[in-house]
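A lone chain, given as structure tokens: the form predicted on its own.
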Amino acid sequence: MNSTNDTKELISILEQSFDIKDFTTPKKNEISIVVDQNNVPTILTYLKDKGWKQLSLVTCIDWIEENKFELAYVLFNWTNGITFLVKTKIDRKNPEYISIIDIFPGARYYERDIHEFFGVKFEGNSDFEKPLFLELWDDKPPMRKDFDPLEYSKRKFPDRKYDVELSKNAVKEVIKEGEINERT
């Protein structure tokens, strides 16, 4: 049996066993499925057992119009070279999800990153609140679409006002006092 047949069989098993909301093959050697959030840990465990042992990435997308966050888990299988993308959506208003560090320990840092930049809490990951990059951050997570970077910058780094006339007069005073000449 070749990897194409293996993949078709795997998709068939997943479709029969879980509520697969969408299935696509966006590129050669790439499979993408959208599943109910309750099925993600079981599907990730199943895929890991079938050879998708490398968790390449966990990321988050803010679908503000739907009031949802999408979590995307990217797995890679070194035997057949196929990338598997497992996606699910969670509530944006109270963003909490189950940690997958029991399945993929490396997810610890991805979950911290997602918490820091989107505010998603991961039950079961005791480190999810430790900052990775934004140690003194005191505002809403900066990758949320409702975060206003201009307002944040103006609040944190207020515009400086320069009084041009005051500066000109100060220069004239120095010149008048002879400390510098006009050519310097």
Partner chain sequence: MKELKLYLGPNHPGMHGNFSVHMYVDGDTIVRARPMPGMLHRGFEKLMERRLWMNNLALIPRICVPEPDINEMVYAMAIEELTGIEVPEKAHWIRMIILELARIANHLMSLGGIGGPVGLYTGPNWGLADRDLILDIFQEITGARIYHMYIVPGGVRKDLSEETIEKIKSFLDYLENRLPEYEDLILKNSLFQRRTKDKLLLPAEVVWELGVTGIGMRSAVGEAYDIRKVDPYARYDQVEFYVPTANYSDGYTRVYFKYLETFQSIKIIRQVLEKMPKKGKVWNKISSGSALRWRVPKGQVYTHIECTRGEYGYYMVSEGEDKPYRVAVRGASYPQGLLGVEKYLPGTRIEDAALWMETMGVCPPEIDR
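Positions refer to the first chain, counted from 1. The shown structure was predicted, so the numbers you read here are calculated from the model rather than taken from an experiment.
Below: the form predicted in complex with the partner chain, not depicted.
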item: Partner contact for His115 in the model of the complex: the partner chain, 4.5 angstroms, heavy atom; value: no
item: Interface membership of Trp63, the partner chain in the model of the complex, 4.5 Å heavy atom rule; value: yes
item: Non-hydrogen atom contact Arg144 with the partner chain in the model of the complex at 4.5 angstroms; value: yes
item: Proximity of Ile98 to the partner chain in the model of the complex, heavy atoms at 4.5 Å; value: no
item: Complete contact of Glu70, Leu132 and Glu135 with the partner chain in the model of the complex (any heavy atom, 4.5 Å); value: yes
item: Listed residue that, although the partner chain is not shown, lies within 4.5 Å of it in the model of the complex (heavy atoms), from Ser153, Asn38, Thr45, Asn29; value: Asn29
